[in-house]
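Given next are two forms of a protein chain, the same chain in both, each as structure tokens and marked structure 1 or structure 2.
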Structure 1
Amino acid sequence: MARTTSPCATCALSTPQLDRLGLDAQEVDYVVALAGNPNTGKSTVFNNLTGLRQHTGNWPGKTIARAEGAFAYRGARYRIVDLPGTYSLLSATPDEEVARDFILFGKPAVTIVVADATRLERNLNLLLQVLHITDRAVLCVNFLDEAEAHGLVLDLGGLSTELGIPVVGAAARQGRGIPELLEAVADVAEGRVECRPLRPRFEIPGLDHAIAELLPLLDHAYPGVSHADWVAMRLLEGDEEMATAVRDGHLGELRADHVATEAGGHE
């Protein structure tokens, strides 16, 4: 079982390197995406890092709420974007489309995936999809206190080894694990830790050949598009949203929108 320590010893307030900047997200060094299933405590993590308690605003062109804030840690400034809670990145809903597009085209320096320690297996579905489109991720296993109360034993070190990314245990409502999360995010953002994410391969005859044929076509139509191999996979799987984005030029608009967001523009 993960080691239990006093919440006061690990709370964010005892981390002098953390400076909560609220909405002051200008001139940042790194952009961080915050993803996770609904009801995993994602907003609590966001509030711990930014000092915000309420936030308003919508994603451009959508009615989906957008939460964004900032913090500074060890001399670097971070803008953190709280993505809509979602179970998948397959764009079956507007929330999933927003989350997927930001991770794909916003090019966050780090993507934090928040998971519920009491429902970890179910939450890993989203994480594995995230790891297919980014090499820079941290898993925050939240509600560790509830897992321990139910006698659940979590080998976070072993999970980190298997997934190839940093894994941090947390009880965000008490501030527990926030210092460790900050350290992991900074290590990945600044290149001290190199992620080698687990990416299960699909043993489908002819798949690799089909992707290889699509890649030069995508590169010709959308030079420099991020994660072209993942876009090709979605097209081959019949993702109508992605197919429409490719046909009508929206894929290029998505890339342009999110590159602008990465550079510092925000609503």
Structure 2
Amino acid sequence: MARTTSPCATCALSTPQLDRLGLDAQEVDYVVALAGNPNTGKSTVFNNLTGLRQHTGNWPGKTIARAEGAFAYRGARYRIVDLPGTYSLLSATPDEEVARDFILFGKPAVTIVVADATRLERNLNLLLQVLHITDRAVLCVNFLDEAEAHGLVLDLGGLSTELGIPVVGAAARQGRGIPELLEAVADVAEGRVECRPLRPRFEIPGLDHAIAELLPLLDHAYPGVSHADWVAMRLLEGDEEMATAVRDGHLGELRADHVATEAGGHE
């Protein structure tokens, strides 16, 4: 059989440039984070890219600790981190802390948010929160096969334009869409595509004023701090973790020009 177009789960996805490096995360060029709601296929994508066998299963809450692996694509080496699935980034639960900290302080070159096409609304909620704390993200709309079975039609192009980030459709279990995902990740990592993430304004009485008053103080304490809006909102919410980061100087790692020390930096 010489059909090269058919999607195939096991044959390295007919992507000749992909080299699955398993656990070998030495001297990588970029760090990629995998975030998303529980059960959206993050680990399946992870396994597809690295050749590893992270546990997958139809049951929210399986991946607790982060798992790491590596792959090479078009000559660049990537370390990829499979974060625990979360519904949000705002709560003080251990898994949300892990996910939030890694996206914020781990400084991934790209954050892939894996979403379930059949429940996109719920998944976009997390995506919007992620876009609040990172500038470089790719949305992977997974479960396209299921969406088709449900009679859903998705306009991913339109979504991508409005979100301001690349959006890739996929059916990770069948290996569909993985080549496109890799391409989008490489584009963002190497700067060929620039993200302009959608950040909706919040209409909460007094918030704009409070943020406007906090920002200059933040900038004075931590010149050039990135995602200052998020930091301000967390402080106004009374989040102890953020207050501690401000107090002990940890927040200093959040500078826009601060280069995350590669690989060994955030263990």
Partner chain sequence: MAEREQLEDALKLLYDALDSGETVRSADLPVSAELVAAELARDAGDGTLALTDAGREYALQVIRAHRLYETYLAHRTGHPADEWHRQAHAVEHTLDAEAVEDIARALGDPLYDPHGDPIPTADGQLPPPRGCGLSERPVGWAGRIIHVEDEPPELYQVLAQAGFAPDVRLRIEATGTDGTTVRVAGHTVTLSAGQAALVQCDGLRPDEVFDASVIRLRDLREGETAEVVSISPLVRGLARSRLLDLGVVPGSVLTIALRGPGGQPVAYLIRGATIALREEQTERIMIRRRAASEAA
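Throughout, rigid core stands for the largest set of C-alpha atoms superposing within 1.5 Å between the two forms. Numbers given to residues start at 1 and step along the sequence of structure 1. What you are looking at is a predicted structure, and each value in this text was computed from that prediction instead of being measured.
- Matching the description of the form predicted in complex with its partner chain is structure 2; structure 1 comes from elsewhere.
- For Leu236, the Cα coordinates differ by under 2 angstroms between structure 1 and structure 2 after the core has been superposed.
- Superposed on the rigid core, the forms differ at Leu214: its CA is offset by 3.6 Å between structure 1 and structure 2.
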